[in-house]
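Here you get one chain, nothing else, as C-alpha cells; it is the form predicted on its own.
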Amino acid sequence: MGQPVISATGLWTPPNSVSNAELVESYNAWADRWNADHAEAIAAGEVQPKPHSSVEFIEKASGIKSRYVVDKTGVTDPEIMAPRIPERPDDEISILAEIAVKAAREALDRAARKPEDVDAVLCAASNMQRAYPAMAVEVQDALGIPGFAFDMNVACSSATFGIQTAADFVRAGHAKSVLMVNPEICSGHLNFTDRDSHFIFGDVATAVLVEDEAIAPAAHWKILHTQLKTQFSSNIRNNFGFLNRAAPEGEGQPDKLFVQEGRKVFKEVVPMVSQMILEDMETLDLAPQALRRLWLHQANANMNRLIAARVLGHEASEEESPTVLDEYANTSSAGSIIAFHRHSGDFQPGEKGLICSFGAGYSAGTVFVEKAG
C-alpha cells in the first residue's frame, strides 16, 4: 500500500486584475443606464431600480479588494458586463486546458518531475468548459502524460475531493503519481449585473501533484488524513447546462448564472465545516495548538474568521489563517490551494496544517498535512 503525499503545487494567475473601484464604476454606469431605460416602469412601481454598489460595501461584505480575470475589457464595459472569450477551433487547445497546463508545469518543475513520470490526471473544477471530451484528457494529451484522466466537479470543494481521490489511487496501488489540476474561469458564470454578487469571483488555475512517498522529493507534505462531506442544498446554485442554455449576458435568466442565498449559506456552512474539522482533529488526536496553519477556502473573510476561531479557540492571526481573497477574490476550488501554495514555504519538518474547502452542494473537504524534510 502506497503512502500518499503532496510533492508540489503550481499556480497560474491571469495578467489582468480588476480593482473594486473599477468594478463598481462599471456596475454603477450599467445600473444608471438600466434605470434610465426603465424609468417609466420604476415610476409606476412595476420594477425596482437597480441600486448602486460601492467599494465599502464589497469589502465589508466579503473582504475582497480585487480579482484576476482572463478578459478585463468585457467585464468592465457597461454595455457588456461579461467576459468575452473567443471560441477556439477544435484543433487548438481550449483555454481551460491551456491554463491548467501552465499551473501543472510549475508543479512538475517544483517536483523535478517529467510528464512521462505521471500516471494520471484529474481535472477538478467548478466551471467545466464542455461536457466532453474531458478537460483532464486534453491536459493529459497537451503534457504528454501516459495512463488515464478524467474530470470531476464538486463545486468549490473540487480540489480537496480531487486530492483525496488522487491519494486513494496511490493507496490502492493504481498510480504512483497523480496530477490534479483546478482551472477556474469563474468570471464566466458570474452575473456582473447583480449588485449583491457582482464582485465575488476571479479566474485562476492551480495544480497539485500527489505521489507515493517512496518516489516523492525530500521536501514533501505527508497527507495525514482526509475527509469529504456533502449535504444537498440549493442555496448556492447555477442552472446553466446543455438542457437550458443561457445568453452570454444572462439577462432575464439570472438562474443560469451564479445565484446564492448568502445569509443562509453563512448560517449553515460555518457550523457544518467547523464541526467537521473538529471531529477530524479528535480522530487524529490533534490539539488546536498542534495546527500551525489553516489554508481555508477563499470565499468570504467573515466565514473564514468564524471557522478559524471555532477550530483554534481564539481569533486567528494572519499567520494562522492566511488570506488570498483580498487579491484573488473567490476562485472556487482553487482558493485553498492558492493559500497553501503561497503560504507554506516557511514550514519546518514535523509542522502540521489543514487544507479545507467548502461550497455549493453543500460540499466540504479536509486534507491534514505534515511537512516532511
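Keep in mind that what you see is a predicted model, and the values were worked out from it rather than measured. Quick note: we count residues from 1 along the sequence shown, nothing fancier.
The same protein also exists as the form predicted together with a small molecule; that form is not shown, yet it is the one meant from here on.
- Among heavy atoms of Gln140, none comes within 4.5 Å of the small molecule in the predicted bound form.
- Although the partner is absent here, Ala299 sits close enough that one of its heavy atoms falls within 4.5 Å of the small molecule in the predicted bound form.
- The closest heavy atom approach of Ser233 to the small molecule in the predicted bound form falls outside 4.5 Å.
- At least one heavy atom of Phe57 is located within 4.5 Å of the small molecule in the predicted bound form.
- Partner contacts here mean any heavy atom within 4.5 Å of the small molecule in the predicted bound form, and among 36-44, 341-349, 315-323, 57-65 they occur only in 57-65.
- Residue Ala155 is the only one of Ile85, Ala167, Ala149, Ala155 with a heavy atom lying within 4.5 Å of the small molecule in the predicted bound form.
- Contact annotation: of the candidates Ala175, Leu294, Met303, Leu108, the single residue with a non-hydrogen atom within 4.5 angstroms of the small molecule in the predicted bound form is Met303.
- For the marked spot (His52, Asp196 and Phe266), a heavy atom within 4.5 Å of the small molecule in the predicted bound form is present in each of the three residues.
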